[in-house]
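Presented below, as C-alpha cells, is a lone chain in the form predicted on its own.
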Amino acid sequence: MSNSKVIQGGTVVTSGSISAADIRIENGVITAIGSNLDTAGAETIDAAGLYVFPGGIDPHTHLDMPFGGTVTADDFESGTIAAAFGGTTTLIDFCLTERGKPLANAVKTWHEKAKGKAVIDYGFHLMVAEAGEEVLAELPQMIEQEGITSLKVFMAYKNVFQADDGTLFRTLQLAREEGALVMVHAENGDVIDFLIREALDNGQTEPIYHALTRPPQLEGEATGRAAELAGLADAPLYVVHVTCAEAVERIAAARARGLRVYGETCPQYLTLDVSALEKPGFEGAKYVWSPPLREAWHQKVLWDALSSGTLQAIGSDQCSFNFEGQKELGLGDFSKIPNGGPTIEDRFSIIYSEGVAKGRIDLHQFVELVSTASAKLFGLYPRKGTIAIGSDADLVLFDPLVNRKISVRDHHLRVDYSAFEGMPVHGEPVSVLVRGDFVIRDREFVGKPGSGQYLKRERFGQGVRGLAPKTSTSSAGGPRG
C-alpha cells in the first residue's frame, strides 16, 4: 500500500546544506528532493515559513530505569511522546545489566520495556560492569545479533554501577576488535564516595552538597584517564554528559594527539548552573543529577567546544524523577536523592534557541549536534540523521518565529516539574514525522504507542570520517552564518 507525501515550500536544512526545496516521501523513505515535485497520488503538506530539519537523535536517555530504590517517572510511552513533541525521532536508551547475570537477560528486559509503548524509533546502549570471561564471550553476540554497537562503562556510582579500570580497558580492547564504541560516565567514583561520606559525617546534608562532593576536577581526571586507556587500547571513546572546562581540556588534548575521543554535553549544562541546587525548601533536589551543574562560567567553555568541534553531540540525559515522593527520598541526606532530570522534550528547542538564535552556532552545526553526529557515531547514518534520497523520512517542521516559555504546564512528561521552568525559547517543532508518518501534527499527538521500531545499528566507523580528530574544527558544521 502506498504512503506518499510531498512536503512543499519549506527551507530544508542538513549539516551541510540549506535550500528551498520540496521533499517527496514514499512508504516512509525520502525519494526525491527538489523544486516542483510531482504530487500525483500524494498528500501535500504546506511547510511555508518553516525549517525542515532531520529528526533529532537523542543518544542519551534513561526511560523506565530503576535507580536508588525507585523507577524513573517516564517510561517508553510518555518519554517517547515527549521526545516527539520536542523534535526527536530516534533515541538510544541505556540498558542496565546486573553483575553475574547474562547480558541477554538485560537486553530482553529492555525490549519488554519498550514493546508496545515507543512512538519513535529506538536503540540500546549496553552497560558493562564487569569483564569476566563470560561477559567478554557474550558481548560479540550482543553486537552481532542485537546490533548494540555501543557499550557503557561507569567510572562513578561506587558499589552501584562503577566498574574498575581493568574492566574499562578490557571493554575498550574488545570494542576495537568488534567495531563498537565505548562510552564512559567520567567521574572519579572512589574519591566522590569518600567526599560524600565525609560531608554526611559533618552534617552536610542539603542538595548543594551533591555538587560540592563531585567537583569538576574529578570529572576532568576521569576523562583524562579514560582517554589515556582508550589511546593505549587503540579504541574509540565517547564521553557522555561533559559539564566542565576540566573535561573539555582533556578531550581537546586527546584529540590533538589524534586519539579517537568524542564528547557529548546536554542542554542543562549549557543553560543552568550550580546555584539551582541552593534553592530553598529542598527545591534544589530537582536539579540533582550527575555530573552536577557547574558554575555558570563553564557554559561558555561548553558552547565554544561545540562550535569548534571539540564536542560533537548533545544528548538529553533524560532521567526523570518526581519531586514529590521520589526526589524527597533524599530529605536529610543528599546522597539518597535520585539522580536525574526531565530534559528529553526540551533538548531540540533549547539548542536552537540558545545556540542558533543567539549566534553561538549556525544552522548546520545545530543539525550536526542534535542529529547527524549521533547518527554517524552510533551506526545509524545515512538511514537517520540527514535529509537525503534513500534516508528514512524522519522530519521536523520547525517554526523559528514562535516565542514561548517552557513550563511543566505544557510538557508531555509524567514528571511533576520542569527543570527549565520559565525559560524563554525561540522556535518550536510544529509537526514531526517518523518514517513518513506523522507522530505530531500541528502540535497535536497523532501517533500510536508501539509504532516505534527497534534499530539494529551498524558497527562503529560507518560515516565518522567527518568527526575524526584531524578535521574536528571544520567538521562540526557548515560555514558560520
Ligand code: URP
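A residue's number is simply how far along the shown sequence it sits, counting from 1. Computed from a predicted model, the values in this text were never measured in an experiment.
Omitted here: the form predicted in complex with N-(aminocarbonyl)-beta-alanine (URP). The next part is about that form.
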{"property": "Heavy atom contact within 4.5 Å of N-(aminocarbonyl)-beta-alanine (URP) in the predicted bound form, the stretch among 313-321, 353-361, 137-145, 253-261", "result": "313-321"}
{"property": "4.5 Å heavy atom contact, Trp303 to N-(aminocarbonyl)-beta-alanine (URP) in the predicted bound form", "result": "no"}
{"property": "Partner proximity in the predicted bound form: Arg435 to N-(aminocarbonyl)-beta-alanine (URP), non-hydrogen atom cutoff 4.5 Å", "result": "no"}
{"property": "Proximity of Phe194 to N-(aminocarbonyl)-beta-alanine (URP) in the predicted bound form, heavy atoms at 4.5 Å", "result": "no"}
{"property": "Interface membership of His241, N-(aminocarbonyl)-beta-alanine (URP) in the predicted bound form, 4.5 Å heavy atom rule", "result": "yes"}
{"property": "Selected contact from Tyr209, Phe169, Trp289, Tyr381, since only one has a non-hydrogen atom within 4.5 angstroms of N-(aminocarbonyl)-beta-alanine (URP) in the predicted bound form", "result": "Trp289"}
{"property": "Of Lys376, His125, Arg347, His185, the one that lies within 4.5 Å of N-(aminocarbonyl)-beta-alanine (URP) in the predicted bound form (heavy atoms)", "result": "His185"}
{"property": "Partner contacts for 28-61, taking N-(aminocarbonyl)-beta-alanine (URP) in the predicted bound form and a 4.5 Å heavy atom cut-off", "result": "His60"}
